[in-house]
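Heads up, the chain below is alone and in the form predicted on its own; it's given as structure tokens.
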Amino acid sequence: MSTVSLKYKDESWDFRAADTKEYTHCFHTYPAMMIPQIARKLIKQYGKESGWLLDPYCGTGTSLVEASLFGMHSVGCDINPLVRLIATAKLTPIPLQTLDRELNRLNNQLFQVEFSEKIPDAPIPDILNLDYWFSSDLIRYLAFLRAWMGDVEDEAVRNFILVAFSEMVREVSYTRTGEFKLHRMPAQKLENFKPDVFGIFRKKLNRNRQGLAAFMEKRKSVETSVSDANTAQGELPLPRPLGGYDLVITSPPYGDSQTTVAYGQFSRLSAEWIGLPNARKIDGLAMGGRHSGRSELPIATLPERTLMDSPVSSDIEKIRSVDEKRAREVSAFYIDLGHSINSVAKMLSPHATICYVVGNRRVKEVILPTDEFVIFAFCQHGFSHKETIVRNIPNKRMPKKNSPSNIAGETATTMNEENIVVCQRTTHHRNF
């Protein structure tokens, strides 16, 4: 049966009126997050209790949280240490009595500072251009909070508080709201920009506590793990369940971070304040980032068949005819995505199901069929295409426009649909 006949649009997957911030999904904003209702519906359809779910690009852990609520063990991977921190915090149960004791201690400390109107001295981290992104008062407030959090002994509680701090850091910075890349707000707005640091911090902590309490009430007793394994480089996460993972639910990047969603730029200020590694290198380490600047790319890297045999090859050539550099960047992304899929396939059970939520991005007015590429890559490992569901994107937090020509002032709308690609392994395929 042809791929086209298995692809259809279904508006029931739009979830326009759904609450996407239930449970610990409320913890932290992040670009282009998969909404929990998609993962929930896919797990209900293809998951099994006490089975194992893998998300090789887990971001802040949406599918992992849903697996815990359903009763599946789960492992997630991401190269970004900030989102690994967020995902870990979202998945970790904390006795509420223990959490409340620390939050009360924090509130008492904040009240004393507010009452005295004097910010205690604290070490200021060595962050490049810190005063470009924060006022001098804000720097002192953040340094005080950072030092206080460093004294919290319970790692789970400390991570919980750090997640609220991380989200607050970006909100109180001079970064323009509504953008993922780091752009400073206009000068006229800076004069009246005086955010209530402690008030914002308290609000996020209270919101997250409610989400954690709801999650702990519903979560099942399952194993969860968040790994820094980079599947595009052949790294495989642990633990590896006996017999392989039963289900993959994931949403890989739409393209290389430097020309699509700038995940690294979005998380950089928070990561630097927390002291996480590689805060300025995430976009370069992401899929496509390592190769995109090379004049030549190792094209013949997909086993058995090359990138040039894949469904994106003709479209890459169209891009190459107008922009060689952009063609290299696009090729680099698909080479890494192919490597990652090869790694993922090695870890799956003989009867596994994979669900990849992907967008078909537009580059130089050429639409790239990423959904067909995913099918192509998994078919090399004994999978067959079950279906591709096309859904509208009514509430995904991502850029509304981009600049496909890289000419100032020229923009085009980005994706307003995404594809849920489902493949199943129907024949025994030997993993190497």
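A residue's number is simply how far along the shown sequence it sits, counting from 1. Keep in mind the model is a prediction, meaning the values are calculated, not measured.
There is also a form predicted in complex with a small molecule; it is not shown, and the following applies to it.
**Student:** Can you check 76-84, 125-133, 110-118, 192-200 and let me know which stretch has heavy atoms within 4.5 Å of the small molecule in the predicted bound form?
**Tutor:** Within 4.5 Å of the partner lies stretch 76-84.
**Student:** Is there any non-hydrogen atom of T370 lying within 4.5 Å of the small molecule in the predicted bound form?
**Tutor:** No, no contact at 4.5 Å.
**Student:** If we define contact as a non-hydrogen atom of the residue within 4.5 angstroms of the partner, is P252 a contact of the small molecule in the predicted bound form?
**Tutor:** Yes, contact at 4.5 Å.
**Student:** Determine whether any heavy atom of S68 comes within 4.5 Å of a heavy atom of the small molecule in the predicted bound form, and answer yes or no.
**Tutor:** Residue-level check for S68: no, no contact with the small molecule.
**Student:** My question is simply whether F165 lines the interface with the small molecule in the predicted bound form - judged by any non-hydrogen atom within 4.5 Å.
**Tutor:** Residue-level check for F165: no, no contact with the small molecule.
**Student:** Decide yes or no: are L53, G338 and A377 jointly within 4.5 Å of the small molecule in the predicted bound form, with each residue judged by its heavy atoms?
**Tutor:** Not a single listed residue reaches the small molecule in the predicted bound form, so no.
**Student:** Of V248, M287, V226, L142, which residue is found within 4.5 angstroms of the small molecule in the predicted bound form when only non-hydrogen atoms are counted?
**Tutor:** Of the candidates V248, M287, V226, L142, M287 is the one lying within 4.5 Å of the small molecule in the predicted bound form.
**Student:** May I ask you to choose, among F215, Y174, Y263, W148, the residue with a heavy atom within 4.5 Å of the small molecule in the predicted bound form?
**Tutor:** Residue within 4.5 Å of the partner: Y263.
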